[in-house]
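Only one chain is shown below, in structure tokens, and it's the form predicted on its own.
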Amino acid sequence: MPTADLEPSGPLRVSILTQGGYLVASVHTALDDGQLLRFRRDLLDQIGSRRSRGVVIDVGALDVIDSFACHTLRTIAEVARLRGAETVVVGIRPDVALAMVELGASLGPVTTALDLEEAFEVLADRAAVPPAGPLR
């Protein structure tokens, strides 16, 4: 697994914006492993600092989602969930999805959606789930 030593110092080609109580992270170009680690750190920091309840990661600009990118997205989703935020990955292109299936690259339990609109519907539906009953 790459370490923090691989993190680049140049600009990260990912925008992270706030939409209501959600963060929307748009990946604008392919990221190397070091850039993926920096993206993960930056996004997870912002979940806490902005007290976000949901995260949408748009990967529509990516031509390839390799095993390390899948691992990074799964890690982001798991850590975000532990911090109280749901994650939805959107925009996986058909050719990229086909390649992922053929190569056995999986996002595991990470929720995916076709586009931003569907992602916000997923997050809204999850927020509408009534809380569990009283603790016993």
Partner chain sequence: MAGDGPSDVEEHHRHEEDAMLLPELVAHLREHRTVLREEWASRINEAHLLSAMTPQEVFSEVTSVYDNYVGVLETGSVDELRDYARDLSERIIPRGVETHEVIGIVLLLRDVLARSLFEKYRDDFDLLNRVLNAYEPAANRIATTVAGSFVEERERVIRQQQDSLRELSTPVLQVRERLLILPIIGVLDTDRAHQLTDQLLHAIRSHRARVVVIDITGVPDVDESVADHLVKTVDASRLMGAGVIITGLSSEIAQTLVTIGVDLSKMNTVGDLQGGIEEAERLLGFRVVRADDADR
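Positions refer to the first chain, counted from 1. Since the structure is predicted, the reported quantities are computational estimates derived from the model, not experimental observations.
Beyond what is shown, the protein has a form predicted together with its partner chain; the following relates to that form.
- Proximity to its partner chain in the predicted bound form holds for none of D33, D45 and G48, with the criterion being a heavy atom within 4.5 Å.
- The chain is drawn here without its partner chain; in the predicted bound form, the stretch among 89-97, 35-43, 76-84, 48-56 whose residues come within 4.5 Å of it by any heavy atom is 89-97.
- At a distance threshold of 4.5 angstroms between non-hydrogen atoms, V110 is in contact with its partner chain in the predicted bound form.
- In the predicted bound form, its partner chain stays beyond 4.5 Å of every heavy atom belonging to L17.
- By the criterion of a heavy atom within 4.5 Å, E102 is counted among the residues contacting its partner chain in the predicted bound form.
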